[in-house]
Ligand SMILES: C[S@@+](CC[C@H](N)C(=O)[O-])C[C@H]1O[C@@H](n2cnc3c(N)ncnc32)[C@H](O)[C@@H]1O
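Okay, so here's just one chain, in structure tokens, the form predicted on its own.
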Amino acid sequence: MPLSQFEIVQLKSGVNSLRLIENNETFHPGIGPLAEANILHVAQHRFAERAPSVPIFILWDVGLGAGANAVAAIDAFKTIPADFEIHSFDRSLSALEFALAHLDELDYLAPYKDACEELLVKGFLQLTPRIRWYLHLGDFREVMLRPEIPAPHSIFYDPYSPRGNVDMWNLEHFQNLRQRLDDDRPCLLTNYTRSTYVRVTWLMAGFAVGIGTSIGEKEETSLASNNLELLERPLLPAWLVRVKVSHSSAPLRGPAYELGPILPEDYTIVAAQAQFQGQT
């Protein structure tokens, strides 16, 4: 993807971000790259609480993009007495290269200019004695299956949106992602979505799903986990009413972005999930 496919845009907040011209998708469109990364991802993962209890805390940064999520994580990790590995995934490095070429407009990346340039060249960086950063280039659906990549404790899930990137959002992919997790390693995934069909897709893939923080103009976002206890606000049975009446609650399947009401047999699977049993 050539660098000319991106442009700098100013958000309503006055902060600069970048936009992929091809699909008119702006990165971190609400309040800006670093602020959104900290609120949506870093704060919800509770690193200071969770990381010291494991030998090495593994973060999967899915959708490296222009590096804001990774930078926010690194800033947080520096304050915590624990060992960390960041595994950043993307199928193109163009967004990060564009951001590095526009540091005056995207100043959040400036403190990590040298680190990012080294990562791009070597694919690995020992950022501090306790923080290692790995770069994995390629189709995440395939790359995540490599056995040498450790299962995560946390996932920042930030690929392009479902409308133009269905393969990263459909049921088949999330079933594979769920199987890739280690059930002896509780894992939390954060994402900006609040869409019923995405939550249904996650539930059918075997995740527990919860309500995430508000951000910008969004009243809520979403979290998923392989361990219900990690969710502070799991979806409750009352939410299933929305699934029944929504015109776009069917899980995404296959390569087409097709929305519609949920089928009765799929609703039965969703309603049978453990998080809806014995709750009101």
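Note that residue numbering follows the sequence shown and begins at 1. Keep in mind it's a predicted model, so treat the numbers as computed, not measured.
Keep in mind that the form predicted in complex with this ligand is not shown, yet the notes after this line are about it.
Stretch 86 to 94 is the answer when you ask which of 86 to 94, 127 to 135, 174 to 182, 112 to 120 has residues with heavy atoms within 4.5 Å of this ligand in the predicted bound form. Met168 is the sole member of Ile74, Met168, Ala205, Ala82 with a non-hydrogen atom lying within 4.5 angstroms of this ligand in the predicted bound form. Checking Gly32, Gly67, Pro251, Gly212 against this ligand in the predicted bound form, a heavy atom within 4.5 Å turns up for just one residue: Gly67.
The shortest heavy atom separation between Phe140 and this ligand in the predicted bound form is within 4.5 Å. Under a 4.5 angstroms non-hydrogen atom cutoff, this ligand in the predicted bound form lacks Tyr192 among its neighbouring residues.
Although the partner is absent here, Phe27 sits close enough that one of its heavy atoms falls within 4.5 Å of this ligand in the predicted bound form. Within 4.5 Å of any heavy atom of this ligand in the predicted bound form lies no heavy atom of Pro162.
Heavy atoms closer than or equal to 4.5 Å to this ligand in the predicted bound form belong, across 116 to 137, to no residue whatsoever.
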